[in-house]
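Next up is one chain by itself, shown in structure tokens, the form predicted on its own.
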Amino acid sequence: MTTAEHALVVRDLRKRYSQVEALKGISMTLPRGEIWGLLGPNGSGKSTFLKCVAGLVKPDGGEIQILGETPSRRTKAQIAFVPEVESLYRWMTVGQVLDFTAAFFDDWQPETALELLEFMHLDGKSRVSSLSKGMRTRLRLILALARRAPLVLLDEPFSGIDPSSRDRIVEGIIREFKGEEQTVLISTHAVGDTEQLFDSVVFLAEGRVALQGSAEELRRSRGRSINDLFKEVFP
């Protein structure tokens, strides 16, 4: 399989912040049409990795190929990135947030956005400032899933939210996943409630890949769940 047939190819990716080496030579290959879990505790390098792939942080070394191309303005347009840190305008209504986002992306699907709004139990007339953290997270997920982006990057979408919102987000990802047209990479340390999503997983430990592979093969070969493997790798 050539790199053009993969959604993402990363080789020996490295990034240092002052005295902290955040990424220490990470390599991985994500085929098209899969949902991957990027698993690890806080500080393991997950967010830095996603920001490098999204083109928001410049790596110090290594290679990234997105859909067979080196990072550029063109590849940025192929990525839907939901960072852990919120960037919503609190004075906007939910509907205004959708309209504002739609203006930036040619692949925006207005009908999908409205369907997701209903599915996520959000009112388009509500102001962002009135939403709970879980509701704001659902809204941010809509901004990614309402696009036809070939590569979707979600950074800790389950962090600090209520079980109801977590369930809705998991269902929303499954519902809108576009099969062979799309690849989704989800950074999380909330593995127990989300491992059902993952076709494959990568465990990051202190900026290095500690374990990676097919989720089903790892369960079979190790005789335990991905959540139990997480507890073993990160005791």
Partner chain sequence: MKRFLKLVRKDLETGRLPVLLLSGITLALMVWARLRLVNAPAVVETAESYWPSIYLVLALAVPVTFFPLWLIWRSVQTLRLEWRDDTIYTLLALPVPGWQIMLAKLVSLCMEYTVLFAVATGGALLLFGGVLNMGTALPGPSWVALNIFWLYLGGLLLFTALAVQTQLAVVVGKMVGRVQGIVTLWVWILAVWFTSRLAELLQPLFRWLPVLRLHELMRLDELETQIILEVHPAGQVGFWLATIGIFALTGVLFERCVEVND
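Here the structure is a predicted model, which is why all the values come from computation and not from measurement. Residue numbers count along the first chain shown, from 1.
One more form of this protein exists, namely the form predicted together with its partner chain; it is left out here, but the text below deals with it.
A residue is said to contact a partner when one of its heavy atoms sits within 4.5 Å of a partner heavy atom; Leu88 meets this definition for its partner chain in the model of the complex. In the model of the complex, at least one heavy atom of Asp99 sits within 4.5 Å of its partner chain. In the model of the complex, none of the heavy atoms of Gly134 sits within 4.5 Å of a heavy atom of its partner chain.
When contacts are judged by a 4.5 Å heavy atom cut-off, Lys76 counts as touching its partner chain in the model of the complex.
Though its partner chain is absent from this view, in the model of the complex it lies within 4.5 Å of a heavy atom of just one residue from Ala205, Val57, Leu197, Leu67, which is Val57. Of the residues Arg32, Arg166, Lys51, His189, just one reaches its partner chain in the model of the complex with a heavy atom at 4.5 Å or closer; this is Lys51. Taking a 4.5 Å heavy atom cutoff to its partner chain in the model of the complex, the contacting residues in 104-129 are Phe104, Phe105, Asp106.
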